[in-house]
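The form predicted alone is given below as one chain in structure tokens.
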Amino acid sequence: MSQPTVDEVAEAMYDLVKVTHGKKNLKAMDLTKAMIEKFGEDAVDKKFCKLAIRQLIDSGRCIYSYFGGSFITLPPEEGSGG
């Protein structure tokens, strides 16, 4: 299996956040562990996952939220009543 790109890992993380949105709050470490499980620890490591998370946050596709801890979630939808 070829080495995944940061974009591919970021996309997989986004999909995971989207699927669990409203059901489970994911921490950065939860995403990192899930990506290591998905792609294998030879393909991705913590630093690589950090880059993918940074890409998601910087692009605005995901945001950090704080509920007694730091979680990565989807941004609130524009125009939703709350």
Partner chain sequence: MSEKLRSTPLLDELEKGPWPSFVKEIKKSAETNTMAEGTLGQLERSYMDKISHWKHGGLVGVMGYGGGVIGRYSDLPEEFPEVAAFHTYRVNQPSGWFYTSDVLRTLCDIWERHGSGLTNMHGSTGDIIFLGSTTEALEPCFADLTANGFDLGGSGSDVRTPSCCVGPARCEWACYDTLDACNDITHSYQDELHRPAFPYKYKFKFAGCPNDCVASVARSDMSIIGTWKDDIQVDQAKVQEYAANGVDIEAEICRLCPTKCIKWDGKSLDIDNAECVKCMHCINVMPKALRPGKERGATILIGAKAPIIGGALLSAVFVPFLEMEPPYEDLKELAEAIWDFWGEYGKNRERVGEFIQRVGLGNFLDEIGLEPVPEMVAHPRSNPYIFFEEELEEDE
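Numbering follows the first chain given and starts at 1. Everything numeric here is computed off the predicted structure, so don't read it as measured data.
What comes next is about the form predicted together with its partner chain, which does not appear here.
Using a 4.5 angstroms heavy atom cutoff to its partner chain in the predicted bound form, all of Met29, Asp58 and Ser65 count as contacting. Shown alone here, Tyr14 lies farther than 4.5 Å from its partner chain in the predicted bound form, counting heavy atoms only. Proximity of Thr20 to its partner chain in the predicted bound form: non-hydrogen atoms within 4.5 Å are absent; the residue sits far from the partner.
Using a 4.5 Å cutoff between non-hydrogen atoms, Lys38 does not count as a contact of its partner chain in the predicted bound form.
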